[in-house]
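One chain is shown next in structure tokens, namely the form predicted on its own.
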Amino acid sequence: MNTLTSAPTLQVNEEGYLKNYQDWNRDWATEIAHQYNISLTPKHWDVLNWLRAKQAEGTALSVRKVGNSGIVDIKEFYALFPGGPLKISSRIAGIPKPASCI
């Protein structure tokens, strides 16, 4: 079972996603973002909060849906979370890996 150093220690699956998204906190998100060399700005937090809200609603997530969120367009989403924006932002947001991510 994988864990991270945040207090309290949070359990993650083999891909680094939280096992229980309700355990998420901002300190944990900041720690994960640092692993990707991302310094979280207010715009990052807007995206992360939107992702968490959609997860709570049971909405299936995709890059296109984030781009149509009214928070960021697709180009900005890629700039905020380079190297796999939906996969990385979902991990930072503490939500399960979206089915649209490979």
Partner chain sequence: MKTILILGGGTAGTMMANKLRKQLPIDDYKIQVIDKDENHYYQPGFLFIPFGIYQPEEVVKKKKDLFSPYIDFILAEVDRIEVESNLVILKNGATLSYDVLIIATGSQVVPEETPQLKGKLWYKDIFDFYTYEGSVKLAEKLANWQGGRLVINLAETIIKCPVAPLEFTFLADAYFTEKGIRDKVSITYVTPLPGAFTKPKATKMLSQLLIEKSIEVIPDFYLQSVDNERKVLISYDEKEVPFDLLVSIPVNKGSDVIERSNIGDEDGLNFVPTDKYTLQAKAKENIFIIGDATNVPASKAGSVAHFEAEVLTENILSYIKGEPFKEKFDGHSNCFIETGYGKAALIDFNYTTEPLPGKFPFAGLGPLALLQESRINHWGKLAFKWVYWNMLLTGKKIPISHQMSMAGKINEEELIKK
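Only a predicted model underlies this, so the values are computations on that prediction, with no experimental measurement involved. Residue numbers count along the first chain shown, from 1.
Another form, the form predicted in complex with its partner chain, is not on view; read the next lines as being about it.
Student: Contact check in the predicted bound form: Y21, P42 and H44 versus its partner chain, with a cutoff of 4.5 Å between any heavy atoms. Do all three pass?
Tutor: No, the candidate spot makes no contact with its partner chain.
Student: Is D27 close enough to touch its partner chain in the predicted bound form, meaning at least one heavy atom pair within 4.5 Å?
Tutor: Flag for D27 set to no.
Student: Please determine whether K87 contacts its partner chain in the predicted bound form, using a 4.5 Å cut-off between heavy atoms.
Tutor: K87: contacts its partner chain in the predicted bound form.
Student: Would K54 count as a contact of its partner chain in the predicted bound form, using a 4.5 angstroms cut-off between non-hydrogen atoms?
Tutor: Answer yes; at least one heavy atom of K54 falls within 4.5 Å of its partner chain in the predicted bound form.
Student: Though only this chain appears here, would L61 touch its partner chain in the predicted bound form if you measure heavy atom gaps against 4.5 Å?
Tutor: Judged by the heavy-atom cut-off of 4.5 Å, L61 is in contact with its partner chain in the predicted bound form.
Student: What residues, if any, in 62-80 have a non-hydrogen atom within 4.5 angstroms of its partner chain in the predicted bound form?
Tutor: In sequence order, S62, V63, R64, K65, N68, I74, K75, Y78 come within 4.5 Å of the partner.
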